[in-house]
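One chain follows as structure tokens, the form predicted on its own.
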């Protein structure tokens, strides 16, 4: 049996090496159009900054290693230009030798990944100082530009994870960095509570952030960017991190079914609508494990797992792909930020509005052990307690907690199970009630209506004029939320000043992130007050 794989970065090699372990007699060919396979793409920002100094360390497998250890034929600089499903045949252009040939297959795997999407900026196509970062070749080009031209100012278009990671890399190199993001917050897809912490960390390291703006045109002679409001910004170097699109034109030309967003349609066994053709990774649309809704399959870790699973399927295993929960983690200077499942941004983009959320800020380990710092942790769930997603930001222990929630989602646990999860306890690592235990307690309190909540937008006009709105922030803390408070009584003073609050009016505690509003509500309810917490 002859297996041909188009694409050799993540899912393709994973499939090939697993298949070899299952079938020693198979003929396996990987066709990769770039200069390397099995590249640790997520490590490229750290290569640019010098944190990872060795370029070769980013290449996990070479063609020579795969041939020697796995008897896999890897062909670099091999651009597949056409698929003929009826003939089970490919047209391949060898760009290194400028030769074209045909290759047949019994089974074909498309692991073609995704490419950066370029925004519609006037004169961008003429800029010699603008870069994207998807391949090791892109990284080489950026590194060469920096070494030769010694830029001092860099503009990053797009404030997502790759943009922020590169902001840190450029900052490490001593460059003056400005992030330009067209939405109102950076760090997509994280919600505002998390994004605000990230933005504060970036500014602490002298990263400039311009939100609500985009670049309209470039003046390449002056190295100037003109923004959508007419203002200009000087930059010696530009990085474009405004999103990606699936590499599926090859599939479209072969009449392989695509979604409206250009992703390849596959079933639970990664089969396309064309016989003997399969697809995995960034190029496909799969389903979300939590909701069953269609979703792109992004990031290298799902692609690797899909490749491993597909190899088993192809040799006859009765497995089916169950969909993607979705998980991500990034290092932003001294912070770790991570998510699993849906964020609010994602839920709203999918038209899901019937959900609940809690936000807590416990310590990452026992508060009395040196070095304890706060973790900002957000949990989202439905009215039955089903976990929809979680996200967190902090200095340590963040990825551990999000990993536990990801496993809980995959295991069909709900918020009522979280207090019972046994997290290993020792003061340097956790508290006797861990962050996820506390999140469960707070979520259960909300579901059992021990604490009434209402969204700010749902408060009726007559309530706004007649109720008592209490702000419990401590002195020196900034105001938060959209509702103007009737009075500010800090939580630490609430018991002593409780008589200042009228009992003949409903009391609404204005928005403040953390567990403070809940604690305030228990104090007031214990004294007979009618209390509701406001969510933004």
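Numbering follows the first chain given and starts at 1. Because the structure is predicted, anything quoted here is derived from the model rather than measured. The term rigid core refers to the most C-alpha atoms you can superpose between the two forms while keeping them within 1.5 Å.
There is also a form predicted in complex with a further copy of the same chain; it is not shown, and the following applies to it.
Participant: Report whether all of 106, 351 and 529 sit within 4.5 Å of a further copy of the same chain in the model of the complex, measuring from non-hydrogen atoms.
Facilitator: Not one of the three qualifies.
Participant: Pick the stretch from 204-212, 255-263, 124-132, 392-400 whose residues have a heavy atom within 4.5 Å of a further copy of the same chain in the model of the complex.
Facilitator: Checking each option against the 4.5 Å cut-off leaves 392-400.
Participant: With a cut-off of 4.5 Å between heavy atoms, is residue 328 one of the residues that contacts a further copy of the same chain in the model of the complex?
Facilitator: Judged by the heavy-atom cut-off of 4.5 Å, residue 328 is in contact with a further copy of the same chain in the model of the complex.
Participant: Do residue 338 and a further copy of the same chain share at least one heavy atom pair within 4.5 Å in the model of the complex?
Facilitator: Flag for residue 338 set to yes.
Participant: Indicate whether a further copy of the same chain has at least one heavy atom within 4.5 Å of a heavy atom of residue 422 in the model of the complex.
Facilitator: Looking in the model of the complex, residue contacts with a further copy of the same chain include residue 422, since a heavy atom lies within 4.5 Å.
Participant: Are any of the heavy atoms in residue 406 no more than 4.5 Å from a heavy atom of a further copy of the same chain in the model of the complex?
Facilitator: Heavy-atom contact with a further copy of the same chain at 4.5 Å: present for residue 406.
Participant: Within 4.5 Å, heavy atoms only, which of 455, 386, 433, 150 is in contact with a further copy of the same chain in the model of the complex?
Facilitator: Residue within 4.5 Å of the partner: 433.
Participant: Pick from 60, 500, 479, 27: which residue has any heavy atom within 4.5 angstroms of a further copy of the same chain in the model of the complex?
Facilitator: After the contact test, the surviving option is 60.
Participant: Using a 4.5 Å cut-off on heavy atoms, what residues in 40-64 are near a further copy of the same chain in the model of the complex?
Facilitator: Those in contact are 40, 42, 43, 46, 51, 52, 57, 59, 60.
Participant: Quick one: once the rigid core is lined up, does residue 521 have its C-alpha move by 2 Å or more between the shown form and the other one?
Facilitator: Yes, residue 521 moves 2 Å or more.
Participant: Would the C-alpha of residue 472 be classed as shifted by 2 Å or more between the shown form and the other one after rigid-core alignment?
Facilitator: It does shift by 2 Å or more.
Participant: Relative to the superposed rigid core, does residue 54 relocate between the shown form and the other one - that is, does its Cα move 2 Å or more?
Facilitator: No, its C-alpha moves less than 2 Å.
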